[in-house]
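Presented as structure tokens, the chain that follows is alone, the form predicted alone.
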């Protein structure tokens, strides 16, 4: 299957956060050549928000079904140019900060780092008080100090851009698109 993937791809990781989940999910549809990595928790959130994984044929959906996160092996074949983890739960952020890669989401982030693939992480816990849309309406969330500290620590990781709002996520994706376009050899695109 890897030999069929000649065009470098986006790797988008969905975690179990509901914070801007629907909006992040919609952004995926705007990308071409994207693999969507769906964690076990994200599968639950998809059901809560009644969302279907119906993407264009240039996209693949990879589910968290193996203990060793087999799909991440594609990073070693140069398949991915960018990883987006959006939205990223405080659990995912904490594990990434500590170097723990025991889920599909954290394993994708770790392998991206080991293969020098830039990552964009939309951290959910970015302020002492937040409002977020839950399946049944708006709720207030009060991130813990440790959650906020971990978000700050992740900002120091190499080739990792942490964004704190939907607008910042959109801007980071546009910036990455522009970087990729500039890097294209003449005559392509």
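Positions refer to the first chain, counted from 1. Just so you know, these numbers come straight off a predicted model, no measurement behind them.
In what follows, reference is made to the form predicted in complex with a small molecule, a form of this protein that is not presented.
Undergrad: Quick one: from 163, 41, 28, 148, grab the residue that has a heavy atom within 4.5 Å of the small molecule in the predicted complex.
TA: Selected option: 41.
Undergrad: Taking the small molecule as it sits in the predicted complex, is residue 48 near enough to touch it, meaning that at least one heavy atom pair lies within 4.5 angstroms?
TA: Answer yes; at least one heavy atom of residue 48 falls within 4.5 Å of the small molecule in the predicted complex.
Undergrad: In the predicted complex, is there a heavy atom of the small molecule that lies within 4.5 Å of any heavy atom of residue 111, even though the partner is absent here?
TA: Residue 111: no contact with the small molecule in the predicted complex.
Undergrad: Is there a non-hydrogen atom of residue 91 within 4.5 angstroms of a non-hydrogen atom of the small molecule in the predicted complex?
TA: Because a heavy atom of residue 91 falls inside 4.5 Å of the small molecule in the predicted complex, the answer is yes.
Undergrad: Using a 4.5 angstroms cut-off on non-hydrogen atoms, would residue 56 count as touching the small molecule in the predicted complex?
TA: Close contact is absent here: in the predicted complex, residue 56 is far from the small molecule, nothing within 4.5 Å, heavy atoms only.
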